[in-house]
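Shown next as structure tokens: one chain only, the form predicted alone.
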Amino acid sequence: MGIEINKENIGELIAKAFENREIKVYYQPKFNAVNGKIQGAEALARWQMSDGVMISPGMFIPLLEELGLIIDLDWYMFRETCRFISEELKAGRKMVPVSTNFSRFHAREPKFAERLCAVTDEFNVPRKYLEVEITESALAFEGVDIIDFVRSIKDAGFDISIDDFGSGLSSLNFVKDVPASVIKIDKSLLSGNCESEKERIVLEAIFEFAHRLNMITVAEGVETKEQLGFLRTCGCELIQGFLFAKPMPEDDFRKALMEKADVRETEDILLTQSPATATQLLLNAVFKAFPLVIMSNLTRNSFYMMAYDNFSTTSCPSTGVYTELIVHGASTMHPEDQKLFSDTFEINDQIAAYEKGERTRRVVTRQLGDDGIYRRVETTNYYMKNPNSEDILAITLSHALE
């Protein structure tokens, strides 16, 4: 390439590139981890100059970010993506949601969500085909209320993805509050090819909390069958990486959407899973069987809710004092069953029973649901010692019998 790109000329060069449409959108598909079908894609920028020379993203994107010009590239990419999706839908061809990247600088852009809507409305593209990707570093952008910023995008009808998760630690303070629906696991977490037990445990922990928050998980940078096999055991929904496909121009992406799924075979799940994964699979089975799961420390009179989904009543507190939980629980029971419930789970009686060798306690009561109907509910406590102390713990599993 005859032209050297630097801080002095990047602004002029990128402006001409936009005008001449030298910046091309390449689409990297996101594949269903189980059946191999394309379920989404990410729009990535590629610069092809008029003489055919390709400029690596690593040569111009860092400069644009440093000079604050990345905002212009982001909007250019978003418009081009909307144009492509609009053309495909008008032609009656298959289309999947496409994510576009927006840098942290947009958090300070006035009326960002309104501009998103204006562009999509201009091309008449339904919101369901567009996903806004925000990098993990954006979640710690100083001087910005990032929660309100992300919520405004969500309220406008766009799904939000946290990109490059795991490349830093800043986002851990925000994930619980940010209304994102997708989390992308950074490829750096797969650098050890999932052969290290520590690496597996870290990944499993990320997938666990993402699933508990009802977030869709995407693993990027997947290049080997070993990585794919392990990610499947973690319940990863979508795969993105060279193992399936590299970023491709519009024509190739269009063809890929029409092709039959190519499911990659991997090693047997029992050969690739780690002990931590087996524990997670067991927990998932428990959560499916019991809509109410509570972990309590009887010695310290405390509890927290591990799972609470589709139960007969939704008024149960999520954490707090155990004795207050029992009082609350008894108040939801049929008057004839309230004393039975309170006596069964009286805290001091349970502790004394454990010391005498009791390891389980079960009761069936009638509980009033939010719909005003009493249902028979089975509640079972399983007792054990905390492996790190002498505290007596109780795991409560409860489900409706009818």
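Heads up: residue numbers just count along the shown sequence, starting at 1. What you see is a predicted model, and the numbers here were worked out from it, not measured in a lab.
Separately, the form predicted together with a small molecule exists; it is not shown, and the next lines address it.
Looking at 217 to 225, 293 to 301, 123 to 131, 152 to 160, the stretch with residues near the small molecule in the predicted bound form, meaning non-hydrogen atoms within 4.5 angstroms, turns out to be 217 to 225. Contact with the small molecule in the predicted bound form, defined as a heavy atom within 4.5 Å, holds for exactly one of T332, S86, N101, T323, namely N101. This chain is drawn without the small molecule; in the predicted bound form, the residue among Q338, Q39, T344, Q28 with a heavy atom within 4.5 Å of it is Q28. The three marked residues, V286, V363 and T365, fail to reach the small molecule in the predicted bound form, with no heavy atom of any inside 4.5 Å. The small molecule in the predicted bound form comes within 4.5 Å of no heavy atom belonging to T233. By the criterion of a heavy atom within 4.5 Å, M77 is counted among the residues contacting the small molecule in the predicted bound form. By the criterion of a heavy atom within 4.5 Å, D164 is counted among the residues contacting the small molecule in the predicted bound form.
Residue contact check for F242: one or more of its heavy atoms lie within 4.5 Å of the small molecule in the predicted bound form.
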